[in-house]
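So this one's two forms of a single chain, laid out as structure tokens and tagged structure 1 and structure 2.
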Structure 1
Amino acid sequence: MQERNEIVKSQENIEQKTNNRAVAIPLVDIYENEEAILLHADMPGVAKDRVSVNIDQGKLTLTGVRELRRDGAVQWDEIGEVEYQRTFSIPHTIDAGNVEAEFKEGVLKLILPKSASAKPRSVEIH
């Protein structure tokens, strides 16, 4: 839990875009129920401390930098060093202060809880 919050809060170390890394779009799955939206993104080979999640003015930005150490002659290379980057618009019903993030096995998992006022409510009739 502690770690999750750290990832969310580390807004300062958003990676600066550099010219020598290709930008890749991480593939995502999005799930939703009445309580929350879940977002799972593939970022294979990215170290946990190079992942950042930033929420600002209704925009959710995911970034992750993959650095590879390798030597020898290249035979083929489909992987390369990349900077994963993707931005989503999130509905204002998301409680941005309570977003949780987890990064495991190269997959970033976000839980975006909906704020109490956005949850469906049934009104009792007197």
Structure 2
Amino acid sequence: MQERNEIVKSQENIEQKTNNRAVAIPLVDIYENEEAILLHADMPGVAKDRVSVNIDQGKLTLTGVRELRRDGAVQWDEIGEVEYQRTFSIPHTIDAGNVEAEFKEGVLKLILPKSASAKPRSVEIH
């Protein structure tokens, strides 16, 4: 129970300011089936060309930058610019060469296919 509280506490301050841009952790949903791991990351207001997905040495890194056009002097600024960043460890059973990504309506959808050796299979008995 104490471990859960530490996780919650660490996520209370998920927003920081760097270079006049807030840094935030995008919310994600992760699902797994026999074929792949599916990941949905919420990055509202981010344009498709400002999203990047990198896989390197067992780490999956997601980033997205929301930039707002400002017309006039700022009177109140709560939404502002945000840089979403999140990194995951991925299992070695993921076929990194065949990962698929789609970005639509502020949601990044990743399909991380499992390699053939990681998929369940039936063994024929002779």
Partner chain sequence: MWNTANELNSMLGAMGLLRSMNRIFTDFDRHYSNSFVWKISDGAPRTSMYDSSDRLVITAELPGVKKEDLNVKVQGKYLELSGERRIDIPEGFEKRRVERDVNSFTRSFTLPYDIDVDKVDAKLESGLLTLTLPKAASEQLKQITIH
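Heads up, when I say rigid core I mean the largest set of C-alphas that superpose within 1.5 Å between the two forms. Please read all numbers here as calculations on a predicted model, not as lab measurements. Residue 1 is the first residue of structure 1, and the numbers go on in sequence order from there.
Structure 1, not structure 2, is the form predicted together with the partner chain. The rigid-core alignment places the CA of residue 31 less than 2 Å apart between the two structures. Once both forms are fitted on their core, a CA shift of 2 Å or more is seen for residue 72 between the two structures.
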